[in-house]
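Here we start with a single chain on its own, the form predicted alone, put down as structure tokens.
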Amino acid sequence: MTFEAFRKAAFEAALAAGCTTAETCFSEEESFCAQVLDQQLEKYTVSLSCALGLRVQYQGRNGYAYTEQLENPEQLVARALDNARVIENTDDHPMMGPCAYRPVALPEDPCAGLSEAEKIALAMDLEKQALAADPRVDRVETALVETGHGTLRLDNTLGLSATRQDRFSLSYVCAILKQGDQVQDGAAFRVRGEVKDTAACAAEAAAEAACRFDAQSAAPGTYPVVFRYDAAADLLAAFASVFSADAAQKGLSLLAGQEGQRIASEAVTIMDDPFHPYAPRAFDDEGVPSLTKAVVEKGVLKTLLHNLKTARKAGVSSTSNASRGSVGSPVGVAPSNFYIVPGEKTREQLLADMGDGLLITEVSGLHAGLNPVSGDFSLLARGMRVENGRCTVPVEQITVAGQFLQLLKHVRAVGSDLKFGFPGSVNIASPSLLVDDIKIAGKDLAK
């Protein structure tokens, strides 16, 4: 069956079975990936997929079902009804009616139009550039180029009909460097037009590994710290759920009831901007028109992130942050393009302002080492010791500990080096952050 015929039959079957409303979420995706090793094509993947999720509302309850085969719509409706019937409590989750959307232009991506042979050649060149980037490069663990595009369509029996598209391209390389008995790895990536700049990507990966040789621990204590943009973004991503109204209404967010209160230093403004040119979208995963908003403005919490359900419960409007993990998943809440607004100082200027302290370039153990409900974290970290504003000794085997809101309140300055990570349904970024009074656990520096 065609999508249109399947959707029409599913809606007719749902309404005939007593559902008040029904909604389809249809996704088509095509992707390509070329990964090379020793100038040989190690992995080559071309995939084309489509999937449809159905949501029905029956006696005040929401039921979901999912299929990758556009056939037998009546059976899909029956499965969604079965799921609705087993829900014990009513789920007052409205659907969006028809509305107009602001036009959104996808960012230019010159790599999206490359042939498969050209993409493979880029991956080959990326590996070559990495091997030549530093005489200590022993091998290249990964060198790949990946592209993709997709379409998402939302329709319901209230008259909603909304379609959006996305596309991406990226390159990624991980270089292994060897110096004496020491082995270190470093990785880097590029997106869209920068995918073609294989030399810069390879040089960054090699430099990342090179700066880790001869690392020492650090004396335990409380330090001023500059969290590099990627480490800061990892922390923000790990605690992004605290900004969800759904988590707050379930008692799982320390920001519940904190709207209008100061939760960070005046240097911190956090935006959720679905129109950001990195990955713009016209509507969220319920079809609500996108809305740009300051979630935190100069340290003050202005709003939590809402979908239609949490907004109705709170007596406010949706912030256009409905999200689905997949087309068959229940509707939840998630950011869109979520980032700390950059300041004017470079990372070098932040280090100079700090004087003596630590530059944290990586945090790990994000799943086990933090509690998003309490905000507490204790994470493995690595980076550089900073003396008189300059990086000196590489640092590893340390832990950085604290509480997320306290960290935000101790942000002294925000850098200018905002950079988003891999493109996805949620994009989270941060510039480098200069933070006072961070607890570090480690050992005394070797003399």
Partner chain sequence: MIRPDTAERVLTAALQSGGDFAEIFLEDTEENTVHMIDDKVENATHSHSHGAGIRVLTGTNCVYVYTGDTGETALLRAAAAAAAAVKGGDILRPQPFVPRQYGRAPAVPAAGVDNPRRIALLRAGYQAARQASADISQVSANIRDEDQRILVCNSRGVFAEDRRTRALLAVSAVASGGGEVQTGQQSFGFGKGYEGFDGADLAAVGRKAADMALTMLRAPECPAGQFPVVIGPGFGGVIFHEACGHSLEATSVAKGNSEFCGKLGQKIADKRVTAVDDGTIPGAWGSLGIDDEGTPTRKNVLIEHGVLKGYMIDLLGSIRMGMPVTGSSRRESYCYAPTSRMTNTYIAAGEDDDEEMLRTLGEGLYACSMGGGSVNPLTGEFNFSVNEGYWVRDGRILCPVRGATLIGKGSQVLQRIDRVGRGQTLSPGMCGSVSGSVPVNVGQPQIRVRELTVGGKGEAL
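Numbering follows the first chain given and starts at 1. All values derive from a computational prediction rather than experimental measurement.
One more form of this protein, predicted in complex with its partner chain, exists but is not displayed; see below.
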Could you spot which one of 419, 390, 412, 43 gets a heavy atom to within 4.5 Å of its partner chain in the predicted complex?
43
Which pick from 314, 104, 99, 87 sits with a heavy atom within 4.5 Å of its partner chain in the predicted complex?
87
So, residue 407 and its partner chain: in the predicted complex, are they within 4.5 Å at any heavy atom pair?
no
With the partner left out here, check for me: in the predicted complex, does some heavy atom of residue 64 sit within 4.5 Å of its partner chain?
yes
Examine residue 252 and determine whether its closest non-hydrogen atom to its partner chain in the predicted complex is within 4.5 angstroms.
yes
Mark residue 185 yes when one of its heavy atoms lies within 4.5 Å of a heavy atom of its partner chain in the predicted complex, and no otherwise.
yes
Proximity to its partner chain in the predicted complex (heavy atom, within 4.5 Å), stretch among 191-199, 295-303, 138-146, 225-233
138-146
Judged by heavy atom distances of 4.5 Å or less, which residues of 397-434 approach its partner chain in the predicted complex?
397, 398, 399, 401, 402, 403
